[in-house]
Structure formats: structure tokens, C-alpha cells
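Let's start with one chain on its own, the form predicted on its own, as C-alpha cells.
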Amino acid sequence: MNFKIIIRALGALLLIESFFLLLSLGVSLIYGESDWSALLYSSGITLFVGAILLAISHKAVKKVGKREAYIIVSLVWIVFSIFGSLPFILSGEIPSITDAFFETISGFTTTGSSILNNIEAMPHGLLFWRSLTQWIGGMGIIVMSIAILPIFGIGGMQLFSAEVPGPTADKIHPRVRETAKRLWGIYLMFTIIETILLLLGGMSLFDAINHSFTTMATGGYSTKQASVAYWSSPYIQYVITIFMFIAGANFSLSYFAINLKFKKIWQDEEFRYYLGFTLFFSIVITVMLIFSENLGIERSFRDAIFQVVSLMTTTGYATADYMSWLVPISTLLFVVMFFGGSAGSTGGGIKIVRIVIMFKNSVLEFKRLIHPNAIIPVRMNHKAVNGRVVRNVLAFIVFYIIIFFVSTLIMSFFGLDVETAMGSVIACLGNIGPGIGSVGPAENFYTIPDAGKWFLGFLMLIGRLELFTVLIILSPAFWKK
């Protein structure tokens, strides 16, 4: 194990984090609030530790193997969250180390589960940093940094593979560094466009930037305690719905759209299922709301599609308290929480492509039973899916369900009722934000016991890295020569 290159990579990444902390410091100075000192000290501490790590690893063999990549990718979220929580602790806004770490790892993993009960009272610099953690984590700290790490003599392909472990590995350029640059270019472009559109809808510049950060990251942190429900504007809610949907789609498709290759988008089978699932759940819930809530057709459709897209893409914004709706509606939305966005998106969850492959493989089992000697492969986009990928998908879904049920049991030991235990687990494992029960959209995670918050933080991490990246490190085989 090349531990020096791990230390060197973490040191380089901490330098990047210190830069983003300085951006938040600038926001604090603009508003003339007292949180500037906490952000300045946090940036200085992060920079100092990063420089120390680079100094003690300057003679590292500049080669990143698979094992080193898995460790770097897993550790960076923890290390970023530790140093990222410093502004909250030093400012006294979140004095509890547990709560500060929970809020920060929830940001970097784009989960969006919060412990804050009065978001509007927090200084602008810290609110900006809170949103920025999600924007950084959305496209992935590693995907961002592989365009920078070669400066320090660290290759990027292994890190890219470990950070994006899904069943598809779309690259829009043969060189992984160019892929990272273009993905981040698209990400930035959509962030700017959404900011402009939200400004036109009457949001302030500060609110528009923050919500664009957390929409494109499918993170869901808002600058308001009531989330997007604070704005009753249908225009703002539809704009955010559209950009949540875009962020939940494969970013390679956005690249095709920019290059006017719209036919390629519709030819993508996962995208068609993603769109189909979204419309199906939205229409069904709209009909239920029309007859149960008396909201009118447009309002029912708007509330339905916003909540469906928010939960399916694992963004976690809310414009209504879906726990107050009919039980069948909240049950449907609970099912939607397991879906997740598309592979290659900033969303969490199981991912649409895995669900489709599992469904197709299950249906084909009937044919295989009838024709035991026939070779009947699963097909996606008219191409046979490698058997290894199918096995990986089935194993992932089995592990996901097992972890969900075991974690629900563990959370119940902390005194939570079954509904809240299930809601907190799926909210954090799926990187969604709000769940059901006492952690629904009208509540938060403040009342969860400290031990429960640390456990949920672990679930956020394995959910963000899609289980295997973290779990493989915990296996004895990983550490054998």
C-alpha cells in the first residue's frame, strides 16, 4: 500500500477546500457579518494541514493503484467534512461537533438532511458555505480534482473509476482529465443559467445562487427553513423542477443536447425509463391530490411533479408536507425514494439503470426456465449487457435492501419509531434529505440521538459512493497482499 500517495492526494485536496472556504469568506465580508473570522481561521487551518501533508509526502511514488484509489475516495469525504465543519463550530452557530459534522457530511454527500431549526438566522457566509459543500460534492470532489491532481504527480483514471462506480462508465472524451473538465463545464453552465432564471422569478441574487448550487448538486439545502415552499411562485417551482430533472439525468446527455444531438438523448433507454417513471408517478399522485386535497388541477400537478422529481433525483426540496397527504400518496413517494437518478448524474439512490436491468433480468428468467439451453442476454440500448454487470447490479440491489433493513433495526435501538427509523435510513442511504415520520419534509434530524447521527453519516458516505467503494475497504481481502 502506497500510503504516501494517499497522504499527498489528501493534502492536495485540502488546498482546494481551503480555496472554497475563502470564497465563503468573501461573501461574509460583503454582508459585513461576524462569521468572517470563523471562515478565515477554518481556511487557514485547512491550508496549513494540507501543506503539511504535501510536505511530508513529497517523495511519494507517484502512482495510484486501485487500493489507494478506493482509500482516497472514501477518506476525502470524511476529511473534507471534518475540516468543512470548522466554520460552524468556530462561529458557535453549530457548537456541537456531532451536529456540525452531520450537517457538513450531509452537504458534501449531497444528502441534504439537516439539524438546523432556524436557517434564516445563520450568517450569509456560513449559508453560502453550506450550499457550496453540496455544489462541490455534487459533481464529486474526485471528478473535480482529477483535472488538478496531475499537477501534484497523481494520475486520475483510478480515482475516476472509484468515484463513479455505477454500471455505466460514460466518458465524453477519451482522456479522463478532459472528461472531468467538460463535465464541470456543463455543471457550471447549468448553475449559471438556473441562477439567471431564478433571478427573473423574483429571488434575490444570494438565494438564486444558493438554490442553483444545491439544485444542480441534487442536494436540497435551502436558505429558508420552509425550503422552496417559502416561494409560492409557480414559476420558481417549475424552474427548480426542470433543473432537478436535468441534474438527475446522465450528464453525458446534457453534453449531447449542447451539441444539438437530441436523437441520442431519446435513444438512451435509461432516459426514457427515467422520464416514464417521473410522469407515471406524477400523474397518479396528481389525480389522488385532485380528489383528496381540493387544490385544483394545476396546483395538484405542480405539487405532485415537484415532490416526485425532488425525491426521485434525491434532491430533497419540498413545496408541501407530503406526510400530511393520504397514506397511499406518502407510500408511493416512499417507493420513489428508492429509485434514484440516472447513472452519470449527481443523484443518489439505486439508480434507474439498475432497476431496469434487474426488472429485465427477472422477466427473462421465465424464458430461461422454458429454454434452459438458450443464451438470452439482458439488453440495454439494443446491446447485450455483460453478465458481470448484471451480477454486479443484482448484488448491489440485494446489498442495498439488506443494509436498509439492518440499518432500520439499528436506528430503532436509538428509540425511534419504525416509520422514523425507516425514513431516516432511506433519507441518508439514498442521499435524499427528508424522509418519512419525524424526519419528514416539515421536520429535521435535530432530535436524532448523537450516536444515531454518526451512524446516519456513515450511511450517507456509503450511499454517495454506491456501497462497494466503502464496503470493499472494510473487507479483510482488501488489506491482504
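One rule holds for the numbers: they count along the sequence shown, beginning at 1. The shown structure was predicted, so the numbers you read here are calculated from the model rather than taken from an experiment.
The same protein also has a form predicted in complex with a further copy of the same chain, omitted here; what follows describes it.
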**OP:** Scan 225, 324, 259, 331 and let me know which has any heavy atom within 4.5 Å of a further copy of the same chain in the model of the complex.
**Re:** 331
**OP:** Sort through 288, 197, 380, 82 and report the residue having a heavy atom within 4.5 Å of a further copy of the same chain in the model of the complex.
**Re:** 288
Subject >> Any non-hydrogen atom of residue 413 within 4.5 angstroms of a further copy of the same chain in the model of the complex >> reply: yes
Original post:
Going by a heavy atom distance of 4.5 Å, is residue 417 a contact of a further copy of the same chain in the model of the complex?
Top reply: yes
**OP:** Decide whether residue 272 counts as a contact residue for a further copy of the same chain in the model of the complex under a heavy atom distance cut-off of 4.5 Å.
**Re:** no
**OP:** Please run the contact check for residue 367 against a further copy of the same chain in the model of the complex: heavy atoms, 4.5 angstroms, yes or no?
**Re:** yes
Original post:
Any idea which of 185-193, 400-408, 300-308, 117-125 reaches within 4.5 Å of a further copy of the same chain in the model of the complex, heavy atoms considered?
Top reply: 400-408
Original post:
Would a further copy of the same chain be touched by all three of 66, 392 and 395 in the model of the complex, meaning a heavy atom each within 4.5 Å?
Top reply: yes
